[in-house]
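One chain follows as structure tokens, the form predicted on its own.
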Amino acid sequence: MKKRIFSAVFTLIMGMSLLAGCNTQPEKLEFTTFAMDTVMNITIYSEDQDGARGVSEALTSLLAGMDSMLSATREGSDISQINQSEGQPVEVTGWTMELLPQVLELCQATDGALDITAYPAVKAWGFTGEEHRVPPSNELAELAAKIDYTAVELGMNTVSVPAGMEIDLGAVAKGYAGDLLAYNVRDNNLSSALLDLGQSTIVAVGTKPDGSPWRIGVRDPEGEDYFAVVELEDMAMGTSGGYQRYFEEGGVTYWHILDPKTAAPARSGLSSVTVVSPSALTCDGLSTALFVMGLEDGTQFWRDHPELEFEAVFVTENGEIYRTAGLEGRFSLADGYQDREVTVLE
């Protein structure tokens, strides 16, 4: 009888141990890296910390490689070689060849509100690190005349642009990287991660370990606080705003988001645009394009392009807040902002 009792107790204990092992909570692994001119913070949850560290090393290597190929300022990068080619075709790597067709499609869809050939204008304003300046009107007219994404020619594995034209993928490169990093994370059977790629590009892989959505703050363009929270689950979020990079001269603020039609800072009446989509590339590209379009045209673009699968939050220069209907249940005002009115766009 005692042997039977001992056997039963032993079996119960072993069963409880196995159950405990099955319920092991994933541990958090965080790391920071610098790429694409910004600090990036990656958080991964995994029960296998050795495996997670291997993934973190792979992600860091991937970012470094993409940066070396897609940067307009890195000597020897694909983009740098294209810009220095004087109109001759340049053979490029897989990442560049994969990204450019997608970006040019976004340029076309937005009717040039997003245009990757505005780089000479960006440089003329000093937003690439040089001293800031306000170009005269005749110079701006000349710069605007050379902004034309349709002039970019893609071959089988080559890219060419007319002499005097230069391209820059700064508005989309981090989003593209985010999509590739998220794919890498999922491919390694990790179902919970948050990829903060800096300058308001966020990719949420799955949910938090407890199954709840990731809660991401949307910055108030007028301050350092977050005016709203967006809940993400297997989604990305990107924000473009005049507050991110700018300079002041003669009492006027000039920000880095240029209108391709004028080669000057976009004056659309908006102070920020946030885009939510399954694709981080879409988020980055469209947040810039919608900022250039303004509230009315940006809203109509959202209505006209359901195939792009995105939602948006617009903040006007007057502080008015608008959000698209698809964010219902995922958007809320933050503490201290709950008395603000939010207009839902249908």
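Quick note: we count residues from 1 along the sequence shown, nothing fancier. Quantities reported herein were computed from a predicted structural model and do not represent experimental measurements.
Not on display, but discussed next: the form predicted in complex with a small molecule.
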field: Residue stretch of 187-195, 135-143, 202-210, 112-120 approaching the small molecule in the predicted complex, non-hydrogen atom distance within 4.5 Å
entry: 112-120
task: May I ask you to choose, among 158, 88, 244, 108, the residue with a heavy atom within 4.5 Å of the small molecule in the predicted complex?
output: 244
query: Heavy atom within 4.5 Å of the small molecule in the predicted complex: which of 218, 99, 79, 258?
result: 258
message: With a cut-off of 4.5 Å between heavy atoms, is residue 288 one of the residues that contacts the small molecule in the predicted complex?
response: yes
The small molecule contact at residue 178 in the predicted complex, heavy atom, 4.5 Å: no
message: Just checking whether residue 281 would be counted as a contact of the small molecule in the predicted complex - the rule being heavy atoms within 4.5 angstroms.
response: no
- prompt: Is there a non-hydrogen atom of residue 171 within 4.5 angstroms of a non-hydrogen atom of the small molecule in the predicted complex?
  reply: yes
